[in-house]
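Both blocks below hold the same protein chain, though in two forms, and each is given as structure tokens: structure 1 and structure 2.
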Structure 1
């Protein structure tokens, strides 16, 4: 099996229900952690054999990933893992920063106590696992923290737009998160400030805290992408 493909021994048994979504989840994680590198091919025949599925649900999964900006599709060619330029990534992050700042502002008016409790639980997971958990696990909880804030706005266009940008930035934000393993205390402090703003329903504090947090990510990712041999 080519090195760029999925190790089938690492994949749980897939049910037939929403199989395309499940395959997309597997491939998305491989892209985020770099096991499927930017610019690499995803040959459909070999990949479907490795996954033990037909090419129809695989194509469904690839279309999902294409809609998220993670895969590039072209007629009569194997799909390719997207390889955005550093400028494209930074431009996306600038917009994402504005979206999350807006979400923080709006959420203070709409968030419920139950939703605040959920966000507190996510923050607590990150605090408890800061010194031990794998980068990808910590990163996934980190992203869930941000998504929960956006969801609390109850603003459908904002939620949809944020999701579209977020999907294109998974790889870059993971690189930033992995780079800051020894600086997780800073991430947790910034999250704590965001959470305190939400608890107090302080629109200005929450919005500014989220904007500052994303600007830290922009600086980190800009530094990483400037290094030779690094792709988003």
Structure 2
């Protein structure tokens, strides 16, 4: 007796979402954190049964995830979790870098004082957790920091595209983050630089700081991906 996906104790009339979207959310989360490993199969019948739904909405979810680049659907094979090549990861990072530089530029015009405050708070959390052994916490706040900057642009397409690139890069960046526990001070310094640019609403400084920050990430991840692949 598989449990249904969500407790439907929400507002019964409003905000009903398609099942496919909900399933996509569930699977996306599992893929992003590596619970569903890259390359692993997602058989339609088995998975839909496990989720307590039929194949139809599961299929919709898989199509959504395919369009996001998280799932690969070959003609007559089981859908598999995307397993991006090193080159593809770098390509994704290059675009992500440009998106965040743009976001920094735009955010200087659109960000509110409250939003700056929120980002400062995130930065504070990262400083506080800099010595934490739980690398996952530090990493998640790091991601939230970047997301918050993009959100401050109020540019919906930019926010969505950035989120999608983030999903595809999450795993690679997490693995990179785990090996750089010793170098968190550099991350924090770069974040501080970005934050300073935002505070002064200095478009060039902010976008350049973000660009430089991402370039660092590209360099780090490139070296990791060059190694023979030892996974989590």
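Here, rigid core means the biggest group of C-alpha atoms that superpose within 1.5 Å across both forms. Please read these numbers as outputs of a predicted model, since none were measured by experiment. Positions refer to the first chain, counted from 1.
Engineer: Where is the form predicted together with the DNA shown, in structure 1 or in structure 2?
Structural biologist: Answer 2, the form predicted together with the DNA.
Engineer: Out of 101, 32, 63, 84, which one is the hinge of the rigid-part motion between the two structures?
Structural biologist: Hinge position among the options: 84.
Engineer: Treating the chain as two rigid parts, what rotation angle in degrees relates the smaller part to the larger between the two structures?
Structural biologist: Rigid-part rotation, C-alpha based: 20 degrees.
Engineer: Could you state, for a rigid core superposition, the Cα shift of residue 73 between the two structures in Å?
Structural biologist: In the core superposition between the two structures, the C-alpha of residue 73 moves 5.1 Å.
Engineer: With the core fitted, just quote the Cα shift at residue 38 between the two structures, in angstrom to one decimal.
Structural biologist: Its C-alpha position differs by 2.7 Å.
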